[in-house]
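Okay, so here's just one chain, in C-alpha cells, the form predicted on its own.
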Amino acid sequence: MSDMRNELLTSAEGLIRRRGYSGFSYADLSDRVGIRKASIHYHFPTKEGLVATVLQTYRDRYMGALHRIEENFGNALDRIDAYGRLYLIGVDKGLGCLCAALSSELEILPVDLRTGTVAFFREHLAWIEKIYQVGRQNAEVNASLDDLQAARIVVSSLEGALMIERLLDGSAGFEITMKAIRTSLSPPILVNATRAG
C-alpha cells in the first residue's frame, strides 16, 4: 500500500472518529493531508469506498490486537483488562471508537458500512464471550454471569466510558470504569464464616 494511501486512511479514520460519517468531506481530508481532492478521488473514487476501507482496516487492526492479547495474557481478567486498554489509547488521543461514531448514524449509512459496523461489534462480543467461557472453566471469573452477559457488560461499558471520558476526566475516569469492570467480573471472595478454635 502506498504511503499516500496509508496517510489518507489514517487521516480519514481520525476525522470519522471525531466527526462521524456525515461530518467530514473530501475537502476536509484534502486540507488535512495537503493534496487536491482529485488526488483523493484517484485513490478512493467514492466516500463510501474510502470509509469502507477505513472500517475494514480498523477491524483488521483490532483482530490482530485480540490475537496478541491471547498470546500475551493467560488469565481471563487480564485479557479483558488488556482489551480495555485498547480503548484507552482512544481516550488519550481524544478519539472515539470508529464504529461507535458510525453507529450513531446507522440510519443514513450505506448498507455495506452498516453491515461492517455491526460485524465489528459482533466480533468483539464473540471474543469476550470466548474469553469469559474459558475463564469460567478455569474459575478465573464470576460464574454467576454467563458469557453473553459478561460480553455485553464489557463492550457497552468501555464504549460508554470512551464517549463520556473524552468530555469528563480522560484516562483517569476511564481507569475507574476499567476497575469497576474487573471487580464485577471477578470471582466472589469466599469468607470463612467459622471461627478458629
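All of these numbers come straight from a predicted model, not from anything done at the bench. Each residue number is its position in the shown sequence, starting from 1.
Only in words, not in the display: the form predicted together with the DNA, which the text now covers.
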Exercise. What is the one choice in 34, 170, 160, 64 with a heavy atom within 4.5 Å of the DNA in the predicted bound form?
Worked result: 34
Seminar exercise, completed: in the predicted bound form, the residue from 59, 166, 130, 47 with a non-hydrogen atom within 4.5 Å of the DNA is 47
Exercise. Any of the heavy atoms of residue 143 lying within 4.5 Å of the DNA in the predicted bound form?
Worked result: no
Exercise. Does any heavy atom of residue 25 come within 4.5 Å of a heavy atom of the DNA in the predicted bound form?
Worked result: yes
Exercise. Quick one: is residue 136 in contact with the DNA in the predicted bound form, heavy atoms, 4.5 Å cut-off?
Worked result: no
For this session: Evaluate residue 148 for contact with the DNA in the predicted bound form, applying a 4.5 angstroms cut-off between non-hydrogen atoms, and reply yes or no.
Result: no
For this session: Enumerate the residues of 30 to 44 that have a non-hydrogen atom within 4.5 Å of the DNA in the predicted bound form, in sequence order, or give none.
Result: 34, 35, 36, 37, 38, 39, 41, 42, 43
